[in-house]
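Shown here is one chain on its own, the form predicted alone, set out as structure tokens.
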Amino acid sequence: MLRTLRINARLFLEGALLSYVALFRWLRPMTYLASKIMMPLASILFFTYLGTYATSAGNASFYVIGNAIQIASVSGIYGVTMSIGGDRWEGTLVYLFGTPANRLAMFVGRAFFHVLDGILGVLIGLGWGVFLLGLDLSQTDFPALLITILATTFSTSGLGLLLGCVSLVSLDTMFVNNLAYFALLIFSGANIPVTTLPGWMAAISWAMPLTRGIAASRGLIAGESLATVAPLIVGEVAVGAVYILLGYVLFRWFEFQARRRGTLEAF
């Protein structure tokens, strides 16, 4: 039993590391740095100035926090999807389906380093908000905020795992990723308060990642305690777990269909 746990842990960590560093963007470090530093800055400035101008409310912190936390979806959606879809694009899917290794460890491990990468992106976004837009963090419970960011990157990575499985059968993966990314911009409450959305849109919002994480982050930065926002954090983790479960079921179904049809490299 202990030996099996050690093997699965090693498989999880090594598979997670290799799938992360194998992304083609590592061949161009400047592209990676631009996505981690300049992209958060551009996104936060654009939506903050647009939002404050359009609403005349002057509440820049609403947009700064929402779009800083929303940056987690970049690693969660695009990075995780590329980690899974890359097995199909590079022709290694046949080896993945052929190995007797633990499928769950391999599958979930694809998201591990992207969760850490997503946390870094969110912290950079909040840093831009502090230094350039005057975001006030003086009342913030920082350990609680870090827990919230972790829960949010976890949930967005769960969505990425599901979309990664869709990429195994999709001819246009980027269209699916972009659709999910921009849907989160609209539905997550990053730029439009969920309370102002029509009922059907609000229902979709609470079924998606980010919504609870953004709400909890705003509360914590406003001075609320961890106990107050704990239901939102737990809900965010639960949403991520549901997406991971759906993705894993879809992944195993695709594997079953590939074995049945004898087409392991493409469906």
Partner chain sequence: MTLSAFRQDLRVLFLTFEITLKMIAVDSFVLFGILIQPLIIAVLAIWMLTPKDPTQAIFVVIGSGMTGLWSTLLFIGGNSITRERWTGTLESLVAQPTPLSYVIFGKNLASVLQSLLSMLASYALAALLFDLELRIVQPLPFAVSIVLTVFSFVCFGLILAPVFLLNPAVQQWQNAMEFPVYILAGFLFPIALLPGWTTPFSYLLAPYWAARALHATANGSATPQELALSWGMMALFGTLYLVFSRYLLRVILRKARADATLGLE
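Numbering follows the first chain given and starts at 1. Please read all numbers here as calculations on a predicted model, not as lab measurements.
Although not depicted, the form predicted in complex with the partner chain is the subject of the following passage.
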Response to the item:
Which of 138-146, 183-191, 123-131, 105-113 lies within 4.5 Å of the partner chain in the model of the complex, heavy atoms considered? The stretch 183-191
Worksheet item: Taking heavy atoms only, is V169 within 4.5 angstroms of the partner chain in the model of the complex?
Response: no
Discussion item. Against the partner chain in the model of the complex, would N59 count as a contact residue? Criterion: heavy atoms within 4.5 Å.
Written reply: no
Practice prompt. Check whether S43 has any heavy atom within 4.5 Å of a heavy atom of the partner chain in the model of the complex, and answer yes or no.
Written response: yes
Worksheet item: Any of the heavy atoms of S225 lying within 4.5 Å of the partner chain in the model of the complex?
Response: no
